[in-house]
Structures are given as structure tokens and as C-alpha cells.
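The chain below stands alone and is given in C-alpha cells; this is the form predicted alone.
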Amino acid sequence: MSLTHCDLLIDGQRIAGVGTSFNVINPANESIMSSGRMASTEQLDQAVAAARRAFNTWRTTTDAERTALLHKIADSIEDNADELARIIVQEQGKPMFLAQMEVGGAVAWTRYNADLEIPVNVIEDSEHKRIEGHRKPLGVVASITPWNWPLMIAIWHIIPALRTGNTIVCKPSGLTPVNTLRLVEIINEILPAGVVNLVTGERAIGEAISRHSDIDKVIFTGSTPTGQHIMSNAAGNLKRLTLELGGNDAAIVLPGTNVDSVAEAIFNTAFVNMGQTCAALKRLYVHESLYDSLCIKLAAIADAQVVGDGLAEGTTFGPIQNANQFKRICELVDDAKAQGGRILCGGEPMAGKGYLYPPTIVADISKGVRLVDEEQFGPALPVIRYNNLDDAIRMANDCEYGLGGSVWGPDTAEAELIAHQLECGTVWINNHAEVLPHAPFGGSKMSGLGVEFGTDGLLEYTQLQVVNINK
């Protein structure tokens, strides 16, 4: 595959887009790594038509056939792991070790979903009647993915859709389309033409997808405003939706916690992927008895990071992915300074080319400051002091988002009682941001609709059909 030109892939064929031209920028040095043209709405129609034709055959494949083919896809991802990881680093920016983890996670997720059973629920089996709940594929699924985990999130969308007998049209972020194109190319070497297609584009194509009368489901990972727009546009044919949207996850550190034992895990879950993760820890509430010591420890861990190009040996912390997000982080940190926030480390962009910003810890900050109130989605963590646990719970819940949250402390039973009071889709105890293929994951409030992962996530790609049999 040529990395220098980013095409579409429709009905098994790579073709050039005919819409607006775009460049894919390496965020470490602002060089152009690839370029292409976006799809036109007519080309989107061609991709949807190809998926619809393929659905007529793909839906009839057996569970055993799909399982075997998905394992072949996992094998091929493994065979191309080095190439995929390198593309991730070049277009997304994360360090090589993290890109390798992303590829490894994509393989593991593919294999897990390949082996998932699609249950038949026996509702009644009496002398004269048997009632069963069967799961049927929906049809054409559209996947719209973001720029932060371009391979992993594409796998999260594509593989369950395939396992349940659907066909797919993918639209990756225009900032990181190359990796997803390579993935779809790999899949097309194994599956029949038209089962998985890819178009590039931004707002106009995304809107056309959400309005398209021949698309049966949209799965979207991204911002809440975009998710709301998709939901509004999807009403025309009552599309099924799975929306994994924004988050401003809060963590509460309880008195008595051993700072030395939790500091590294807190740092890693706040700054995973340079903080560019929906479920990353984004607001840290620390009891006053631990506040200063935990701040010092977090700052020391942050100062030890090696910030730079993800392809350079020794880099532990990569760039922010794009210029707009880089500008946003600069603005949020500058605003926090102006509001009296104390910068313990970082706090300024690095000199030279690239969107490099060091991990930044901001102390003496509270609600009313943008860095606390808004989802930063980047390498800046506000640390908020509390002295009353009820206040900490109230502050954690005082947010329009409800994706994840966590409680950290030595008494698991106490932490669990507090965890149940947090208003979020997933709550962790002595951990954060851990997503697993067998554990359903989704948001409450403005953080989303529906769930992904496990059997619950798999069934979101299906329609329940009740079969009522009189014996």
C-alpha cells in the first residue's frame, strides 16, 4: 500500500476521492505524511450500495464461517503489525510502544469477538407453545471513528458488526485515515468485496451518512455535539445508534490512601495517549490530608517523561494530535494560570516544530475554571482539594458528562459504597480508563447512548425477532 496517497475503498477496489483535497499531518513535526481527496456524496452512495449488495450474501454465512474469517483477519493484522504501528505513530503521534499496544489490542479484540456466541433466548417452552428470541443482523452499518485510537476504535466498530452478519461503510477521521484504510484493505483480502468499505470526508460526508436512507445503524465515537447532530439526522429512517461521546471523568482519592502506591496508576490513567482518551481521568479530587504529597509525586512522574517524536528511541510521551487540539490545551492551561492555578510542571508548549506539550499538573484549582469544567482531552490534569467526602461526590457529579469515574483508597468496601454514588456508565476502584472486550462500556447523561463490548455490545448490531410457535 502507498502511504503517500489516501484513497477510498469501495466494493473491493481502491479508488480516488473526487471531493476536497486534504493532507494528513505528522503531529510530531508537521510534515505531510499522506494526502488524498475526500469522497463525494455520490461515492458514498456507491459504497452504501456495495454494502447493501454484499449484505444479501454475507447475512447467510454461518456463525462458524464468520468466526473462522474473523480469526483470519486477526492473523493478518498480526502479520502486518509493524506496518500498522508505524502508521499509527506517523499520523496519530503516540510513542511506538503505545502504538504496538494498540495493534496488539486490536488483535485480541478481534479474536474475542470472533468467538462470541449470539444467544437464542427461550422465552417459553411449554406443552403447547415455544417462544424464542432470535437475533438478526440490521443490514448496513456506518462506522464513524475519531483520531485518538484510529486502529483500535475501528476494530471496536467493525468486528462486532461483521460477527453479527452486517456489512459496513467506514468513515475514519480525516486527521488519521491512513491506518483505517490499511486495515480495511487487509480485511478485503479476506472477505468478499463490498462487505467492508471505506470513504473519507468530514462534516458533509458525516451528515450524509447520518441521513442516508439505506444505512440501518450508525456507530459513532467522538464529541457530544456531533453525536447530537447524528441523532437528529438519523430520525428519517429510525436508524439504530450507538454513540460513545465526550467525558470529563472524575476520580476521588480517599483519606488514608498510600500516595506512593497509587500515584503512577493515577498518572498513567490520566495521561494515557497524552490525555487524548474519552475515558481518561480528567478531574482529580484529593483529600486535603494527601493533597500536597500526591501533587508532588504526580509532578515528579510528569517531569520524568521524555516528550518527542513517537518514532524516536526513548520517547515516552508524544505530541497532541492536531493543531486545533494543541491550541485548545494552550488556552485552557493559560486560563487556569490566569484564574490562580499553580502550575507544578509543564504549562508551556515546547519550542520548535510539532504539537509538543509536556504533561502538566495544575494545583489550587476548582470549579468555575475551564480546565475543570470542560473536557480538556489533552495533557493537562487539574487537581482539586476537598475536605468533606460529600462535597467531593457532589463536585464529581456536577457535570453534564457521565462516561467514567473512579474511587481510590485502601478500603475496597468503603470505596465501593462511594462508587455507587457516582453518576457514570463505568466506575473503577483503584483504577481508571480500563476497557475490556468482555465488559460492557457506555456513558450516561451527555456521554452517550448504548454500550459497546461483550455480549451486550454485540447485540446492539442486531434486531430482536420473537418466534412464537404453537406446537
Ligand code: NAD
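What you see is a predicted model, and the numbers here were worked out from it, not measured in a lab. Numbering starts at 1 and runs along the sequence shown.
Heads up, the form predicted in complex with the ligand isn't pictured, but that's what we're talking about next.
- Under a 4.5 angstroms non-hydrogen atom cutoff, the ligand in the model of the complex has residue 148 among its neighbouring residues.
- For the chain shown alone, residue 441 is a contact residue for the ligand in the model of the complex, at least one non-hydrogen atom being within 4.5 angstroms.
- Contact check for residue 223: a heavy atom falls within 4.5 Å of the ligand in the model of the complex.
- Taking non-hydrogen atoms only, residue 381 never approaches the ligand to within 4.5 angstroms in the model of the complex.
- The contact with the ligand in the model of the complex, taken as any heavy atom within 4.5 Å, belongs to 207 out of 364, 185, 309, 207.
- A heavy atom within 4.5 Å of the ligand in the model of the complex is found for one listed residue only; from 178, 245, 84, 392, this is 245.
- None of 140-148, 125-133, 72-80, 354-362 except one has non-hydrogen atoms within 4.5 angstroms of the ligand in the model of the complex; the exception is 140-148.
- Contact residues in stretch 169-203 (any heavy atom within 4.5 Å of the ligand, taken in the model of the complex) are 171, 172, 173, 201, 202, 203.
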